[in-house]
Structure formats: C-alpha cells, structure tokens
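Each of the two blocks below gives one form of the same protein chain as structure tokens; they are labelled structure 1 and structure 2.
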Structure 1
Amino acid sequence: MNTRNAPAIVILGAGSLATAQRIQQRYPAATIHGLSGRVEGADSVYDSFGQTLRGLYQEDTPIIALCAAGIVIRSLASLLSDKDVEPPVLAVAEDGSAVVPLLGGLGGVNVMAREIAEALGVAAAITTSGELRFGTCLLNPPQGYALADLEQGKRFVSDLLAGQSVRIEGDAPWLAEAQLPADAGAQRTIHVGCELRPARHDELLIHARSVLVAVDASVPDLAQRVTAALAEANIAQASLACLLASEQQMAEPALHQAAAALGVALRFAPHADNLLGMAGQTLPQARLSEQSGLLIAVAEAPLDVAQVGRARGRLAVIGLGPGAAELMVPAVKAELARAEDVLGYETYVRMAGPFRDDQVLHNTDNREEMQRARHAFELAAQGRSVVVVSSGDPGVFAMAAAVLEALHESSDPAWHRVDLEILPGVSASLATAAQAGAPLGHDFCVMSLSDNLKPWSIIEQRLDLAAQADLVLAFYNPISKARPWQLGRALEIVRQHRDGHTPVVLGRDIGRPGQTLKVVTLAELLPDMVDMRTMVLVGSSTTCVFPRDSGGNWVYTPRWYPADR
C-alpha cells in the first residue's frame, strides 16, 4: 500500500462491525469510524457519512467503506478531479462478500483490494484494464521501483493495450512474471535502471531503488548536497533508497531532516574511519564512488532497506486512556501498530491488544517499573521499535517518569540516542470528570494517596495546603488492602476546610465494562465506598450539583471565583 496514512474503515451500522474488525486485523493502525447512535465499539463516531468521507479524502487517507459503492461515489463526486493524486477508496460489502476498488489506481488501491480480499477469504473485483490484461500495474511498480514519468507511462500502457509488443531491458523479476506482449524485436522498451535521463518516446523508464548514499551530519545543506552528488554521478534521485550514517550520529537532527526532505529511509552502521569504509562494510558487493564529499553505493538490485545497517531505535511511552477503545488517541493506536515489542503491567498490555503474531509482549508485575524501563531501553538501543504501556496518561503517576528517570541515570550513549517520545492519554481524573460533567472546571490538584514512594507526612502536608487553597482535589490510589487507613485520614484533613455538603464524585472503572459513577457529599463519603480502582474527585466551595433529565446529577465547578473568598 503506497500511502503514508493509515486507512479509515467507515461503517454505517452494527452489522458491519465484525467485518470491519477483520479488516482492522490486516491493517492494525486503521481506525474504525461508526455512525453515531447506530454503532457501539467503533474507534470513533461521526454524524454525517458524506462529510466524513470528504474530510478523509481531502486528508489523503485511504477509505474502506462498508456500504454500497454508489453511496461512496455520490459522496465524493464533488472532489474528483486529479486521479494521479487521489487516495485509495474501496467499497466492501457489509458481510465481507465483495471487495471493490473504486478510486486511487495509482495509489495502490488494487493492492489494498487484494489484501482485504485475502483477509476476508474472497476475490477482489479488479477492473483496471492494464492490470487485468498484464497481471501487474505498470504505472504503480512494486516496492523497490519507481516510475520516472507518469504521463509518459499512461501513453505507453495505452499502446500496449492497443496491441503493441514490448521488450525489457534491465533486471526486474516482477516484470518477468507478468503477462506482457513480449518480443525481442519490439520497438517499445521497458527499461529498468538508475541512470539519470529522460524517457524516450517509445520507452517506459522505471528506476530501481538500488542506491545508498553514506553521509556525515557535519556536511552543510545535506539534502542539497546529496541531490547534487547523485546528479554528478548521473544517477536519478528516484533510485535513492536510503541514507547511511554512523551509529554515533544517530540522534543528529540534520540527518533526520535530510532523509525527510529526500523522502527516504535513514539507516545506521557501526562507526568506521571514513564513509568509504562504512559503505563498503554495509554493502560489500556494491559499486562505490565519491561525489561532492559523499560516498555513493550502487547495488545490483533494489535494496531491502530493512536489511541495510539498522534503524534508530524508538521508545514510545503511551497512555491507553481509561480503557474504552474510543478514548484511546489515534497517535497511540498508530504507535501500537508499528511496535515490535510491547512492555507493561499484564492487565494494561491486554487492554492494548489485539496484537499481531510478530509482536513480542513483555508482561511484568506492576511494581517492577524501573526494571521495565531499563529493559525497554535495552531493546530500543538494538534498533527495535518499543512501546511501554500505561493506563490513563503515562505522565500522571505512571511510566513516563520512570522511563525518564532510567535514562537520566544511564551513562550508556546508546540509550541516549534512542528516539524517545511520550504520547498522552486520557487520565482517569479527566475521564471521570467528563462522565460527571465538569468538576475540574476551575483550578484543581491531583494527588496520589499512596505512600509507597513518598512519606505519609508529605501527603498530609500537601493535602492540608491544597484543601486550604480551596482547590478541587483528585485522588489517585485512594485505598488498598495494604493501605486501609490512609483515605480515612485524608478525609479528616479535608473536612477541616470543606463543608459537609461539598460534592464528591466517585468513578469506578470509568471507560471499562461495568463502570459506575456516584455523586455523594463529603459528609456521606466513607472509605468503604472506595477501592483501588476508584477515582475520587472532591469539589471546592464553588462546585455545583443539579439533576439531569436522564437521571443522576450533573457536577461542575464554575470558571469564575467569588472576589470575597
């Protein structure tokens, strides 16, 4: 699939959900969009089908719509103009019995159609003339190859469909397997190579991505220098597969910026005395040349970039949110889809699934945070893509601080070169507040009542000051079998500064099956109403409660504050 965006699976009713989930197993980063009021269990909801499809199309997102093809075409008709740049759009029967590619022939829609059809156990309804005739799409070469001129390619394929024969120059196994009208004496030629030149009028020019450029981060204007070096060597830029640099420069921004500007991968090799040695060790059979102070290596066949050196290791610390799939942010879903290793407390790792067979799960006890963090860095330093899982938000009493502490304490340069990112999630306090209304609508204080990692005297001091300041209080880790008395003592401190009518919100397992929400007063609150899975929100002097029509109460804290307080 030649697209950088994960697909969107759009469904209209609950009867399509099972098929959508089967497709999502093929594309784990895909998001299932369900119609509001009709679908439960989708990753996100929408109100307008047409507006949603048009928005996704304009964002260049591949669309897999589980509905009739006509509905999709009518919804997108006003946007259809340049077929050369449109994303893949497919219609799939609700029961998965048919897969029809509609748009995006040059964006890999037929490839997607076959992948989806394989996942569903059916045949894709391919209608593209060239692909039906020749068994391959010449205008959308497979990975490792790039078409030099699309317009020239269209004319060339039209000639072949009209009956012209063709001969092949260069090495391209995928063409040898196609059903082309081959003739050694044909005037028309498919030429596969990496030289820099325009295509002849009777030629389909395809560039093999078989070129690597070894670079150094100290080179100024690196992307421009690479472009100039390729031109001097008479190599088409489309044949560039990747840049190669020393592992010691793995975190240098200039390298990553150059690779992004050139649209190629960035790989790393063990440090060598010079670029020649680094490239020679990485591709010993390649043809080497030096241009503009850079080293160019040309291999005999397209490079499998994943086998060239190694990638910069990545470690993402993610927050799953409170548990419901629709409350997990899209960036977290994408990170889970790309991960090779997933580490975390077993309960949270299970919440993050399902996983592919090739993903390695490292389940640990919830008390082994520092060991888990160090293990994550060890894996990422090997060039792997690693995810550390937290519930809620990873920066709120969770794994982000432990990961950063492990890095702070480490003198291993390989750990510090890892691409580290913290991805937020919906914390338990925010999820509970949203269910209740807006009790955190003004200033608030978030505290953990666990004294495992800090003295109880500090907790009491902070509680007293926060209660005096009339802040709304959010209590994490309020009580457990090992800490049965702390919540009672905390409430004694709060009651010294709060009226007994102060609203208190108790949210248990919010965002998970069996969630409960209860609103009581501070005077009514007893420790046995709470367990370790309960979020406790204690209102301020301005927090209000009023009944909601559907039953229960709304709770909110106004954004204003009385001037005489």
Structure 2
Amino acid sequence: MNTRNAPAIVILGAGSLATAQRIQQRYPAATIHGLSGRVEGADSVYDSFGQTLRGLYQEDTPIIALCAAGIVIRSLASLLSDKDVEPPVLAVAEDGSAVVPLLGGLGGVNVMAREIAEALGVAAAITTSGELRFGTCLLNPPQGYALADLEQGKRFVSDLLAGQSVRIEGDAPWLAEAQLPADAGAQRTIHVGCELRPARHDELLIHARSVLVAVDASVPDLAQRVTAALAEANIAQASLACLLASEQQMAEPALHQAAAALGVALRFAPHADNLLGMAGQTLPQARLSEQSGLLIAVAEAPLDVAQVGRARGRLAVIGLGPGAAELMVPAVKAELARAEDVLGYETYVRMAGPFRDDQVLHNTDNREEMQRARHAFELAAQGRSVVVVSSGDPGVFAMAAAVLEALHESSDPAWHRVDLEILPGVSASLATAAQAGAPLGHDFCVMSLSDNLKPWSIIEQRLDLAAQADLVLAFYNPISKARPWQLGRALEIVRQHRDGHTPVVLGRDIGRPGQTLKVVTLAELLPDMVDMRTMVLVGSSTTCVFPRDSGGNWVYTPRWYPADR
C-alpha cells in the first residue's frame, strides 16, 4: 500500500464543523483546516481558501473540501494539467448529505468517497464509467496486488467498455463480485501472477505481491542484489511483498535502507542457521529457491505482510507541545497516527486524541515514570509501535530521559534493538515566551522547582547562582499542593539579586482552553498567583516591558548586554 499523507478536511464556516469532525473520526490523522475568523475548534486556520487548496494539492495531500464542488474545481483548475501529482480530491456537502469524488481516480478517490459516505450514512456519487459498469476500478487493484502498466491498463478498460469480453487467468478473488463481461473464449485476459514479462497488448497484467526475499545484512549492495536475484528468477519486482531477516539483525541500518529503497516492508524471524531454515519456518507453504546468496520464497497468494514474522518494534517519545494542535509538530501527528499503543499520564493521552478503536491506551499515574518507560519497552520489544506522550517537549522535565534511563539499565538485547526516536515539541517556556513577546531573547536558565527528584538545597544553590549571573529564569513545576512553601523561598533568593521592578511573566494553561497571560513585577509576585499549570518567567536586569496597542504588554530581553554591568 502506498503511504499517503493524512487527508486535509477544509471547511469555510462553523456550520461544517460537525460534519468535518465525523469525517475526522474515520481518518483520525486528518487535520481540519478552518477559515480564520469564521471557525473555532479547527486544528489549523487559513486565510485564503484557494491558496490553501493549491498548497495541499501540490503536497499530494488528499483534500476533503466541505463546500460546493464548483468552488473546489475553480480553485484547483490552474494545477490540473500537472500530472505529477493527483491526490484524491472530494467535495462533501456541508451537512454531510452528499459525497462527490472529483479527482485522483488512481489515488483511490472512489474508495475514500465510499468510506466517507459510509461514515456519514449516505451514498457516494461515483461517476467513473469502468467502476460503475464493472463494480470495481480495474486500474486500482486491492492491497496485495499491483498493476503492471497503467497506460496499457487504461486502453484495456476502454476496450471492455466498448464491448469486448474478458477472461481471468490466475487468482483474482476481488473480481469474483465484479460484473465483468466474462467469456471463457475471450481474447482479452486479466492475468494475475508474479512472473517478469511485459504485458501483452490484449491483457491487463496484475502482479500479486506474493514474494518474500530472505536476506542477511552482511550482503553488500543489498537492494541491487535483491533486484538482480528477482530478475534472474524471472519474478517481477512489483511482486515483492517484503524482506525477511533474522531478529538479531533488527537494528542493522543496511537492512532498513534496502527495504526503503525497494519500497517494501522489512520483517524479522527468530534466528535460524541459514536463510533457508528461516524462510521455511516463516512461510512453510511457499516455493523456495536460492538465488545468488539470497533466498526467494513465492507463496500461492499475496502475503499478508503483517502476519509474516514480526516487525521491528518502535518506541517514539513525543512532545505534544503546550496543547493547541497547531503547535504540535507534524512528525508527532504522524507518529500518533501510526501508534498501536499509547502510554502516558491520562491528561496528556486525552490531549493527544482522538484515537481509533484499534489503538490501545495505557493511562498511568504521573509519578510512575520509570515503570511506564519499562512498560513501553516491553511492548515495543514485541514488535509493536508504541508512543509515550509528554506535554511540551519530551526532553524537558518529561519522559525522554526516563525512557533512556530504562534502556541504559537494561541488558535485554530485544530492548536495545527497538527503533527508538525522540520527537520534540514546543516546551511551555517557549510557548509562554512567544505569547509575551521575547523574554528569553538573551541568555536564560531553565529550572524545575520541584524537589521530588532532587534535594531542595541544590535548587537553592542553583537559583542563587543563576540569579547572580543575571540570567532570565524559567521556572517549571513552580508550586503544588505537596510543595506549598518552596516558591516563596525561591523568590526570596531571587530578590536578593534582582530589582523589585523586574518583569515577571506568568503563563497559565498556555495553548489550552482558558489560557491566561499576566505580566507583573517581581515585587508584586505572590506565590498564590501561581499554580502547577503556570510557567514563571523572571526577567533579568535588561528585560523590558511596554504597552501593546491591543491591550496588555510586550515583554522582551534585548539581544545585547551592556559592557559595564
């Protein structure tokens, strides 16, 4: 299956939001784009409908526009002669009563139209002749099959539409339901198989992805060797479903590069003495042959790759940003869409949603960080795709360090083979600073005021030195019910070095519903203005404040520093 960008659902007014959200339930990775000033609650806002649509189209993003088909057509008209990209484009009536596939026939637009129509409880307006006549798009075979030659396929379908009959060679179970003009004596054939040969002019050649190649990471130029071995064995490359390697080689970059270059999945089997044994155990029914140091296994039917051996497990430690979906980096959105298991403190897991029914959520108490980290590795070592969720950035007083500590402590090779990645997010100090202006524009110091994991004496010492060094101070975890007096003591220390007029920014629930931003002076600051959902930024001697036209103040710390201070 080709990996597509997640769809964009584009809406013009608040009236379409409910329909957009129903479509988003069907495609949880989809982003709702709302016209700025007209829609609240969209994942992202835009100013120009036409530009937004054209931008998405050129990025090959499937577009679901909740508006008149004509508006969509006019907006994209200038791009339609460019055949390089043609993502699915659909118009959906605002109230969800009609779903019209417009473009992207070969990108599966009709499939999407049916999926959306099903989610909305209506019928899709399919207009493709071949598909209407035969009940299936012959040029877009299902997963597990690949069309050999598109141009030739188009001619073939027009011949059938013009009245030619057809017979099927090979196994094409998805065509059993199709209304094809079948005739055992027909000249035209739909041929399903995996042999390497050009399509005949009267044939629709479809390759079944039924071939696996067992490989070893030590083979040089692996991707080329696989291609050559398939050609020697007279097998079409399009029939290659996956590569198989030993679990011991799970982390070998050469294997992952080869699979990526070939555009197929990489699966793993328990170590065996040789490739023959490994492939034989994994696919007992397949026809096996050695080909220049590789082992080719040809199965009877397309391989369900997810059932072949197992995948390399993945563990991504992600940062959601402060809360608003717009401030979540796209790599994190994509990771959430591919996750099978999601671990984290309940509030953050909820913030990361909505999730599909097949995604397993493991909510845990905020305090059990190491236990959660180990649980994540246990799941990932089984081959699952696991996400550990933090707010802000996962490396800032959050899960990334705990996950690495758990790995460092472990001697389990399966944990060390996991595909571990840390994906950054916008940390609360940066999100708060951006809203206030640029208080972190010069050197600054980031501290957690929590003495849960470190002695209070070290906090006092660092505060004293940082305040003395005239650094802007960013305080995470400034106060909590269990730590009521610490902030007051911290401010006493800071006040020993800093003027009472020093600006202080208090950002509470930044990027979340009900966010507040306050600017006070150090003299005015009282611990009860602050709670555990607040970010405290204490200015340095150069931090400035001036009023903004829209109300409130701008706060910034200039880039320069006076030579004589």
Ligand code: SAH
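When a residue number appears, read it as a position in the sequence of structure 1, where counting begins at 1. Please read these numbers as outputs of a predicted model, since none were measured by experiment. In this text, the rigid core denotes the largest set of C-alpha atoms whose superposition between the two forms falls within 1.5 Å.
Taken from the structure described as the form predicted on its own is structure 1, whereas structure 2 is drawn from elsewhere.
With the core fitted, the CA of Arg548 sits 2.4 Å away from its counterpart between the two structures.
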